[in-house]
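Before any questions on how it binds or moves, here is one chain, the form predicted alone, in structure tokens.
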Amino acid sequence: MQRVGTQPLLRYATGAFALASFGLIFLMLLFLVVYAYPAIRFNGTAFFTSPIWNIGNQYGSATVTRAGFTAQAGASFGSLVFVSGTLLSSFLAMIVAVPLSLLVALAIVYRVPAALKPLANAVVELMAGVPSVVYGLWGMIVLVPFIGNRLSPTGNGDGLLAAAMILALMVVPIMVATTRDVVQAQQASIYEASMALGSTSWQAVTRAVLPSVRSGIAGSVLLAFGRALGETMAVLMVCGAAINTLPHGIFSPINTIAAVIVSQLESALTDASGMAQRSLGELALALFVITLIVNAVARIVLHGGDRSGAVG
């Protein structure tokens, strides 16, 4: 009797917590929309097409009014440099991280001896838990000088390549853990049947196992991509903090949405009109929406993969 009475309580409790999570996301989105509304009206569509970010003249009294909202004279808020830096660094990071993560995950499942699997899994989970500032510090001390001295023709190691490598290093543990779990959840008979038909181990994995879990792998890639889009401190420490300059190569300095919000917040607070702060809020809103969409698609893909696997 006690067991029967507990089930409705647990169901209602878990439902309430799930609803609270959606409510929190909605409130965050609502706050950003309300806070950034003056900037949305003031900046218009030029916010996404202009590469110029200038909070204006903070030492004069002249102002400019647009759509009923006021900013300092000379103010211009364009996000093109930051949006392009965010997307380029994340895409380049995924190009490096996806094949590496697949190989590591498959090695853990099929090649690492059973006695060493707990250690391998612990290392992966430990890497996922390392604070981002630690990765950024390693990037400043080791990666940036290496790129500047060995690879970059300009001798400058800060930029797109360094940011992408740091992001790849940070998302690999997430992808490895997710892919490992997806592969392990697949029926072992698929691998064994392929081996029984004369396939090599590599053929069994690439032609039988991986196609059967492609939805789960795609979901893990999207989850890692969403993580890369929102990374802040590690990228800020190695990206070069470019302002008003679009990247023209992999060694060019860049800036990302998350990084520029942190780096420009102090100067934005000196804007008496408040438009610089509101424009940073608009940047945060754009990043929130992009990340939310990517993660929602990832969850849908993962859920679809789980359902197809269950039906199979």
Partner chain sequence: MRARRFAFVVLVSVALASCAPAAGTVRLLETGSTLLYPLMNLWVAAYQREHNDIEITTQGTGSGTGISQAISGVAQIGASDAYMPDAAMQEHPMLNIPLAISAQVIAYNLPGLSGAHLHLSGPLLAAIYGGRLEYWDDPRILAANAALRGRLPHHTIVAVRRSDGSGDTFIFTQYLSDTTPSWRSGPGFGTTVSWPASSTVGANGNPGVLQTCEDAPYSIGYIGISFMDQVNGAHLGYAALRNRSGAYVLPTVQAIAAAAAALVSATPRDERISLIDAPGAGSYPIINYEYAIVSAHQPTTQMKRALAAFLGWTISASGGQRPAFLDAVHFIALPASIARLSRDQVGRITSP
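The structure presented is a predicted model; accordingly, all values stated were derived computationally and were not measured. Positions refer to the first chain, counted from 1.
What follows is about the form predicted in complex with the partner chain, which we do not show.
Open item on the list: Using a 4.5 Å heavy atom cut-off, which residue among Ala46, Val33, Ala67, Ala272 comes into contact with the partner chain in the predicted complex?
Closed with: Contact residue from the list: Ala272.
Open item on the list: in the predicted complex, does each of Ser79, Ser84 and Ser152 have a heavy atom within 4.5 Å of the partner chain?
Closed with: None of them does, since no heavy atom lies within 4.5 Å of the partner.
Open item on the list: My question is simply whether Ile243 lines the interface with the partner chain in the predicted complex - judged by any non-hydrogen atom within 4.5 Å.
Closed with: It does: once the partner chain is placed as it appears in the predicted complex, Ile243 has a heavy atom within 4.5 Å of it.
Open item on the list: Can you tell me whether Pro211 touches the partner chain? I mean in the predicted complex, with a 4.5 angstroms heavy atom cut-off.
Closed with: Looking in the predicted complex, residue contacts with the partner chain do not include Pro211, since no heavy atom lies within 4.5 Å.
Open item on the list: Would you classify Ser263 as touching the partner chain in the predicted complex, given a 4.5 Å non-hydrogen atom cut-off?
Closed with: Flag for Ser263 set to yes.
- [ ] Could you confirm whether Pro253 comes within 4.5 Å of the partner chain in the predicted complex, counting heavy atoms only?
- [x] Output for Pro253 is yes: heavy atoms within 4.5 Å of the partner chain.
TODO: Using the arrangement in the predicted complex, list in sequence order the residues of 169 to 187 with any heavy atom within 4.5 angstroms of the partner chain.
DONE: If the 4.5 Å heavy-atom criterion is applied to the partner chain in the predicted complex, 169 to 187 yields nothing.
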